[in-house]
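Take a look at this single chain in structure tokens; it is the form predicted alone.
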């Protein structure tokens, strides 16, 4: 060990809190070695500095992304924050610093490891969200549609508009078990909230009948001669199956 101390910024785990880390880095003329949310464990060689969330500071940084880089960079950073990449914060920090120097060109600078890694993570996020638009299965509980998903990334903010537009007059809840979040929709509006656990009542008889019909339909339309397990695993990864009605046999 060389005894060097890492400068670690610690924030509250929100996008606004992360953007305040960018603000404080420039205000303090510091370059942190790591940026972590407050739940992370510190090590002996860390010098941690708590970064307080100030919406005036986060708004200023968010606006600077459009001014100094490009409008698309705001969406890119917002999406990157939703990914489950273990080093997303420090990668986003480096991307923004590069963007301030390079401008719009940083978005296409895929030969750089930071940009390339973040771009792949965002693509993975959108691919997972795209799959869940088709793989999410709802169960009816007393006129409320409920679905459980287990994504790797925080996809609910991306799925919100899709399902709100698809079921505008319905009341539904989508629970993200992995990230302990819930999307709650009523005809009057949509809400994203934290949810540590969810216990559902027994399935009612009408819902059981619909589940049986769906499974029967799924099995009937299958063409045995064209069965291709490898292709199915590519188009419908196994990790989604445990939340899908047709595989609940």
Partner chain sequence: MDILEKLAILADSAKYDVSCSSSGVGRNGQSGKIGSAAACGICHSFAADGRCISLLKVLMSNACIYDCKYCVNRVSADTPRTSFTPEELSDLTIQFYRRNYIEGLFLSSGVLKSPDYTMERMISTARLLREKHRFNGYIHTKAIPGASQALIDEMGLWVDRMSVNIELPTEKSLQSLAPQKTPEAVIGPMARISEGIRSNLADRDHFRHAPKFVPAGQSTQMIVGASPDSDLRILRLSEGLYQKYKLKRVYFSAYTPVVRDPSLPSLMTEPPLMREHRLYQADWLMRFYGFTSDEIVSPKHPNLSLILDPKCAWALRNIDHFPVEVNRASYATLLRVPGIGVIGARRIVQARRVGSIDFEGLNKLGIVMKRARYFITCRGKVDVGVVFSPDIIARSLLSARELSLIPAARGGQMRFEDLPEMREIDGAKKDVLLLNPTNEVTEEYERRSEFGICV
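Not measured: the values here are computed from a predicted model. Residue numbers count along the first chain shown, from 1.
The same protein also has a form predicted in complex with its partner chain, omitted here; what follows describes it.
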Looking at 159 to 167, 84 to 92, 70 to 78, 175 to 183, which lies within 4.5 angstroms of its partner chain in the predicted complex, counting heavy atoms? 159 to 167
So in the predicted complex, is its partner chain close enough to residue 136 to count as touching (4.5 Å, heavy atoms)? yes
Would residue 222 count as touching its partner chain in the predicted complex under a 4.5 Å heavy atom rule? yes
Any chance residue 211 has a heavy atom within 4.5 Å of its partner chain in the predicted complex? yes
So, residue 152 and its partner chain: in the predicted complex, are they within 4.5 Å at any heavy atom pair? no
Sole residue of 218, 50, 26, 45 within 4.5 Å of its partner chain in the predicted complex, by heavy atom: 218
For the three residues 116, 228 and 231, verify that every one has a non-hydrogen atom within 4.5 Å of its partner chain in the predicted complex; reply yes or no. yes
Heavy atoms within 4.5 Å of its partner chain in the predicted complex is the criterion; list the residues of 192 to 209 that meet it. 207
